[in-house]
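Given next, in structure tokens, is a single chain: the form predicted on its own.
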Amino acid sequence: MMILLQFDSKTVREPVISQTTLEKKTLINIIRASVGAREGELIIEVDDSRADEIIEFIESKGVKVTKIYEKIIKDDEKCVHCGACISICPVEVFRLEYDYRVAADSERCVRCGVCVTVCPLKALELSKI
């Protein structure tokens, strides 16, 4: 499961990810991070079966936690199936179907956003969290 963590000026200085990994004996995959002196945001991936337990622990450290259910959104009305997203996606969310139409498996998406920037018709967008 992908989770958005939002740190404020107090929590951004705490080793919350390290504490979670050590105390909960779990692996955490950091998908994206933007951390400054006063705030920060991380998108992490955790084991689905332990997500609630890990979320509860992180929230107890004062971090705002939001589950990410929907990742990339493809507008089939705008898409011309040019395949630009297929060639740029690092985790192979997109594939060409037998009828040469682009299909998306949003479960694989890591919200990096590179497909959004290369789509010439703006048919892709990251879901709001």
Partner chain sequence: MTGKSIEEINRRISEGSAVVVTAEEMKEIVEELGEEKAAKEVDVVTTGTFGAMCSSGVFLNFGHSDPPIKMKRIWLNDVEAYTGIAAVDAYLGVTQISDKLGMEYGGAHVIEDLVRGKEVELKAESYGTDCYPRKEIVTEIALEDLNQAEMVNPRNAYQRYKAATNSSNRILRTYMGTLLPNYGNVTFAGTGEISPLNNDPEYRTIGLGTRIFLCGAEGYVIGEGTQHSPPFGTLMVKGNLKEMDKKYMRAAVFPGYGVTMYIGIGIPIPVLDEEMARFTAVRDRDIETEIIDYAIPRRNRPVVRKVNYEELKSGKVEINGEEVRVSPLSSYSIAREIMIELKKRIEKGEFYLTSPVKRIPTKATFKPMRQKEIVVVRNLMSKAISIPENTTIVEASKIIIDKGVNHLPVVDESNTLKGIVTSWDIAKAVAKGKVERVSEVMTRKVITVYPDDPIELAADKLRKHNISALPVIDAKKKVLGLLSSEDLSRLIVKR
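Residue numbers count along the first chain shown, from 1. What you are looking at is a predicted structure, and each value in this text was computed from that prediction instead of being measured.
FYI, the form predicted in complex with the partner chain isn't displayed, but the following is about it.
Undergrad: Would residue 88 count as touching the partner chain in the predicted bound form under a 4.5 Å heavy atom rule?
TA: Taking the distances in the predicted bound form, the answer for residue 88 is yes, it comes within 4.5 Å of the partner chain.
Undergrad: According to a 4.5 angstroms non-hydrogen atom cut-off, is residue 69 in contact with the partner chain in the predicted bound form?
TA: Because no heavy atom of residue 69 falls inside 4.5 Å of the partner chain in the predicted bound form, the answer is no.
Undergrad: Would residue 48 count as a contact of the partner chain in the predicted bound form, using a 4.5 angstroms cut-off between non-hydrogen atoms?
TA: No, residue 48 stays farther than 4.5 Å from the partner chain in the predicted bound form.
Undergrad: Taking the partner chain as it sits in the predicted bound form, is residue 38 in contact with it (heavy atom to heavy atom, 4.5 Å or less)?
TA: Judged by the heavy-atom cut-off of 4.5 Å, residue 38 is well away from the partner chain in the predicted bound form.
Undergrad: Looking at 17, 12, 110, 118, which is the one with a non-hydrogen atom within 4.5 Å of the partner chain in the predicted bound form?
TA: Going through each option in turn, the one that passes is 118.
Undergrad: Please pick, from 28, 42, 54, 84, the one residue with any non-hydrogen atom lying within 4.5 angstroms of the partner chain in the predicted bound form.
TA: Exactly one listed residue reaches within 4.5 Å, namely 84.
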